[in-house]
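There is one chain below, alone, in structure tokens, taken in the form predicted alone.
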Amino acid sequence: MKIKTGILAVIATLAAGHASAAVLRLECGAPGPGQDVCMTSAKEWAKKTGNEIQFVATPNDSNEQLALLQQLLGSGSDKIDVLQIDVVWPGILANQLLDLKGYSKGAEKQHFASIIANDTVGGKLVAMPWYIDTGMMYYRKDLLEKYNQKPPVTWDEMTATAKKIQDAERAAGNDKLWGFVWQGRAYEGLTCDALEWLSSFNAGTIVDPSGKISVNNANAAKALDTAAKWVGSISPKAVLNFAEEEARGVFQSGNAVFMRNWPYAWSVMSQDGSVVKGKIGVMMLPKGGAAGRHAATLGGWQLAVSRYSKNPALAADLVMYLTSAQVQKFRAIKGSFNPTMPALYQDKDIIKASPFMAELYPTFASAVPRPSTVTATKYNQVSNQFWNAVHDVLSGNAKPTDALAQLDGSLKRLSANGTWK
């Protein structure tokens, strides 16, 4: 494979050996299990069709990635044909993406209707679901059994269990153990975590489906106060700079009792050589008290075709292949990527590889969406203001009630009192 460079740093090239081969540039994400399985499937498509794939590297940070894609698409660049887009980006990028309805041949009917609705903007199918994510709670089965603790149902129970095991293990010499690790950095991951806290306390979803700003309420303040008390107690202060991989690193090294993360972490932590292999339990995220609910933020990624692709039909064909049942099954088994097709949650091979997929299916099917549809092109600003307000509370720089009141005013100015167009 030749290594090429350019504006997006093309990291690998696969030529099918045909003189008339078309060249398609595909974004496969950051290095790791996701990139590996993406490349494997793309190579299969290239071999079958006699075309050429160039794998394109973009920033790992999703905010930086979006900014780069907006720059490229805004300039009409053909430097990328097939791109990954976050579940909250269709409304932002829709005008620069190809309508896939003319190429899908009804394949969208196999996917969760809610995700297809998310990927349909102005009647155009601007992306196809690739995999779905929801927040999940991982825990150390061996440690809960050792201390005769049951998987917690509420956040208060989780806090008490984490503290009990943390204190007992430290007293026994394991001074590196923490009770709970999660994503506390001021970025989109914190929006996801904090939205789960709010929803679990029945505090709404920042902006409701009608466009009304709903974040400034007593339940939301209680949710943030609960989380702030974890920092420095059952969570290290360094959690305020944790993203997904930092949290996984602590948990996988055996130094945490509980961890909030996405499904991908299961396959990574279950590999040979992992300190916690065989010791991991998975459960729904806790409720915000007896009157609360189990809430998990909807995440996931889609594949889309740039309007500026020189080979739109081939690019669409590649998207349909990569999002097919065959490839989604492969991705689920090899990388614990949750399929976007309900039928695959009954597949015996998938359930054997990742048992939690069947157990937590209700969570995947009823995940809490971020308010990206109603806030449209302003979603990034909404999320940025939300995660910064939450981070101020977690850092001890603001009281929950003050931070939420200030956020309420800021969002009202941004929306012109509820008008998000």
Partner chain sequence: MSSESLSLDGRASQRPSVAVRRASPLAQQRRRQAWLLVLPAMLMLVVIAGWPLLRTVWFSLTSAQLSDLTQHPFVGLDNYIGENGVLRDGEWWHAVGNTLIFAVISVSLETVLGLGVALLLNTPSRVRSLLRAAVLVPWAIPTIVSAKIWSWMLNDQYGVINAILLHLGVIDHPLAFIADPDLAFPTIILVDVWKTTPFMALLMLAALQMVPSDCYEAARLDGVPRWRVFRHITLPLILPGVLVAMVFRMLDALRVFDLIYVMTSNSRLTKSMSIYVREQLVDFQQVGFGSASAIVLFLLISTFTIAYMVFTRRRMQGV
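Since the structure is predicted, the reported quantities are computational estimates derived from the model, not experimental observations. Throughout, rigid core stands for the largest set of C-alpha atoms superposing within 1.5 Å between the two forms. Residue numbers count along the first chain shown, from 1.
In what follows, reference is made to the form predicted in complex with the partner chain, a form of this protein that is not presented.
Q) Hey, in the model of the complex, is D208 touching the partner chain, heavy atoms inside 4.5 Å? A) Outside the cut-off, so no.
Q) Can any non-hydrogen atom of A67 be found within 4.5 angstroms of the partner chain in the model of the complex? A) Yes, A67 lies within 4.5 Å of the partner chain in the model of the complex.
Q) in the model of the complex, does S366 have a heavy atom within 4.5 Å of the partner chain? A) No, no contact at 4.5 Å.
Q) With a 4.5 Å heavy atom cut-off, would you call D349 a contact of the partner chain in the model of the complex? A) Because no heavy atom of D349 falls inside 4.5 Å of the partner chain in the model of the complex, the answer is no.
Q) Can you say which of 280 to 288, 67 to 75, 112 to 120, 213 to 221 gets within 4.5 Å of the partner chain in the model of the complex, counting heavy atoms only? A) After filtering at 4.5 Å, what remains is 67 to 75.
Q: Check, residue by residue, if Y187, F242 and S395 all come within 4.5 Å of the partner chain in the model of the complex, counting heavy atoms only.
A: Checked in the model of the complex: all three residues contact the partner chain.
Q: Would you kindly say which of S41, S372, S354, Q385 lies with a heavy atom within 4.5 Å of the partner chain in the model of the complex?
A: Selected option: Q385.
Q) So which of Q96, T297, T226, T161 gets a non-hydrogen atom within 4.5 Å of the partner chain in the model of the complex? A) Checking each option against the partner chain in the model of the complex, the one that comes within 4.5 Å is Q96.
Q: Could you list the residues in 243 to 271 that come within 4.5 Å of the partner chain in the model of the complex, counting only heavy atoms and keeping sequence order?
A: Result: E245, E246, G249, V250.
Q. Does W230 move its CA by 2 angstroms or more between the shown form and the other one when the core is aligned?
A. No, shifts by less than 2 Å.
Q | Is_shifted G278 between the shown form and the other one (CA, 2 Å cut-off, rigid core) | A | No, shifts by less than 2 Å.
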